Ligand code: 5GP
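Just one chain is shown here, as structure tokens, and it is the form predicted alone.
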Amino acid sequence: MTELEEAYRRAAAFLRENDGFLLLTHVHPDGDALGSVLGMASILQKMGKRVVIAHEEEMPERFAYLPGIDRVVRVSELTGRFAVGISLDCADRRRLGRAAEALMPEARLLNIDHHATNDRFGAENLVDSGASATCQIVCRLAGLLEIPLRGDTAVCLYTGLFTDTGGFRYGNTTADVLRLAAEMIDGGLDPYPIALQAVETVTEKQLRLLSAALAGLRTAAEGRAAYITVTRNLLEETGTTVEDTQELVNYARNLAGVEVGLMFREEGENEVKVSLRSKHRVDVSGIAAQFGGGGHPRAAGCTVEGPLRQVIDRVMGVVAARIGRG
């Protein structure tokens, strides 16, 4: 048995042997974060387990279709603390935000994730960096627990597979992912409403944000890098939120001739969220790691302190150097 196979076995045993779980995922949750946490909740409920899902933010509107999302509790509303927890799709404990405060100091935490930069912060860790999405890991656990990928469970887990592979377009789209998707569709899942809600439907406010962001698109490194900037004023002017910015970085990456696309988003007076995407050669997780972040070779992020213009100059200097070495 390999080390990874043993980690799957131990995670399955953790789920069987414990009860009264607190389920958590990272701040600013995407489709894989919500799909994996709600999919895991569905699995545990089918096992007869007691589950609470907590988060510090309101849930994104575009994922309102996910079964069980209305059961997510704002952490400020919790009255007690939990002895058993599960973190999903989160590479380090800090990104769980204030929701992690609902765990007892001595709580047993199972850390389930697919980011290679995960720092193994759990008492038990199932980190499968070969998985295309955390939902893929949860699918495998469902198989070990003999829970079918059908109904509400399938809707949640398919969402994570679909969104983290860019609608089965990115380089992390594997035969195993497509087989899992086919299994769910064979079991009765209708994929079209998920695609429509998760990635295709946009609001007028989002289109105005996109228009303004693209107007400010800039290139660097002789056209092999491009970046978009989102200021706090721009969000206020368009009436949008952080949730509405998640797909913008892909427009920078998709530009012809570009290898690395970035989005710089102001988060505070001297704090900038940086999202990085690459097409072929550049491992952007290494760039993010230089600034205290992490992620995957083709998709990563970090938060950098400093005024926006200074952060852009610092990060783009590293990006240009990395592209030049490639």
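For clarity, every value in this text was computed on a predicted model and none was experimentally measured. Each residue number is its position in the shown sequence, starting from 1.
The discussion below concerns the form predicted together with ligand 5GP, not included here.
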- Query: With a 4.5 Å heavy atom cut-off, would you call residue 278 a contact of ligand 5GP in the predicted complex?
  - Reply: no
Find out whether any non-hydrogen atom of residue 293 is located within 4.5 angstroms of ligand 5GP in the predicted complex, and reply yes or no. yes
* Please run the contact check for residue 60 against ligand 5GP in the predicted complex: heavy atoms, 4.5 angstroms, yes or no? => no
Taking heavy atoms and a 4.5 Å cut-off, does residue 51 contact ligand 5GP in the predicted complex? no
Residue within 4.5 Å of ligand 5GP in the predicted complex by heavy atom, from 91, 194, 139, 96, is 91
Students should find that, of 282, 258, 44, 299, the residue having a non-hydrogen atom no more than 4.5 angstroms from ligand 5GP in the predicted complex is 299
Among 269-277, 66-74, 51-59, 36-44, the stretch whose residues bring a heavy atom within 4.5 Å of ligand 5GP in the predicted complex is 269-277
Checked 236-269 against ligand 5GP in the predicted complex; residues with a heavy atom within 4.5 Å, sequence order, are none
